[in-house]
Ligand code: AMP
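This document opens with one chain alone, in structure tokens, the form predicted alone.
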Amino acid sequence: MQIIRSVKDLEAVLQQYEEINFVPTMGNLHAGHLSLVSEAKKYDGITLVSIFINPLQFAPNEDLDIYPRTEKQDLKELEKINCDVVFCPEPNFAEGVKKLHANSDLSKKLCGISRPHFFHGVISILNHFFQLIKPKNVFFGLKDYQQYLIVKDFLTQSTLKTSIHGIPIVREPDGLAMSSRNNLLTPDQRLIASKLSVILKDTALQAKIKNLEHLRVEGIKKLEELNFKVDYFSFCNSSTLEEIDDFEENTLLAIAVNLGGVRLIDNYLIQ
């Protein structure tokens, strides 16, 4: 496994290969990230993982400074599953990056309401990576469903010949969607957090037969009783993220909450 830190070294390595399968991450890798790498390895070409905590997607009041940094362990995990190349850019990698705007129809909904800067920062840094790497395939986890749609839209509008692949959510044994932010929860909070997926799934299973607004109100009530602060609890169209009043095929139930200062998101596609 090659570990690269400079753009110059990256360019030298990329010249040796025609097909690159790219998994962008912010490190603190868990089984969800590793499932993306495993999927990438099924395709012809080399698998390239990036580890970079992107400052462009954090607002001044957010958790950039405490975001978990575990590079040494991350590299061990990637070596175990035979990743080919890992790109760990220097901290100044984001300096001078061309600032882009994500599709406003998608980015102003859900997470974009309380984090209006977030998806612009994501697209800006991803474009920087994409222009350097020119990947044939990129892989994203569907826990970040809105991000997946926004990146998919960006690639569709771009001149890049890159295919995007959405990989199913990987969950802890108690159902909590795997996330680097789970490590910031206290043991007591971690127990409470496990209830999030239970409420999500119970609500989703009733969506075909019950009034969606009633389910939304009930779901928020249950979460607040457990001390979650609810950012959104949304039934929406899985392609446009538009809020819906009545169940339709492939309805997305998307949730974002805050527990003790830790932001958690999850979703369930109701087919």
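All residue numbers refer to positions in the sequence shown, first residue = 1. None of the values given here were measured: they were computed from a predicted structure.
Heads up, the form predicted in complex with the named molecule isn't pictured, but that's what we're talking about next.
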Ile81 within 4.5 Å of the named molecule in the predicted bound form, heavy atoms: no
Residue contact check: Asn137 to the named molecule in the predicted bound form, 4.5 Å heavy atom: no
4.5 Å heavy atom contact, Ile46 and the named molecule in the predicted bound form: no
Partner proximity in the predicted bound form: Pro116 to the named molecule, non-hydrogen atom cutoff 4.5 Å: no
Heavy atom within 4.5 Å of the named molecule in the predicted bound form - the one residue of Ile192, Leu184, Ala94, Val170 that qualifies: Val170
The single option of Leu212, Ile220, Leu226, Met26 touching the named molecule in the predicted bound form, heavy atom within 4.5 Å: Met26
Segment that reaches the named molecule in the predicted bound form - one of 154 to 162, 197 to 205, 127 to 135, 140 to 148, heavy atoms within 4.5 Å: 140 to 148
Residues in 170 to 188 with any heavy atom within 4.5 Å of the named molecule in the predicted bound form: Val170, Ala177, Met178
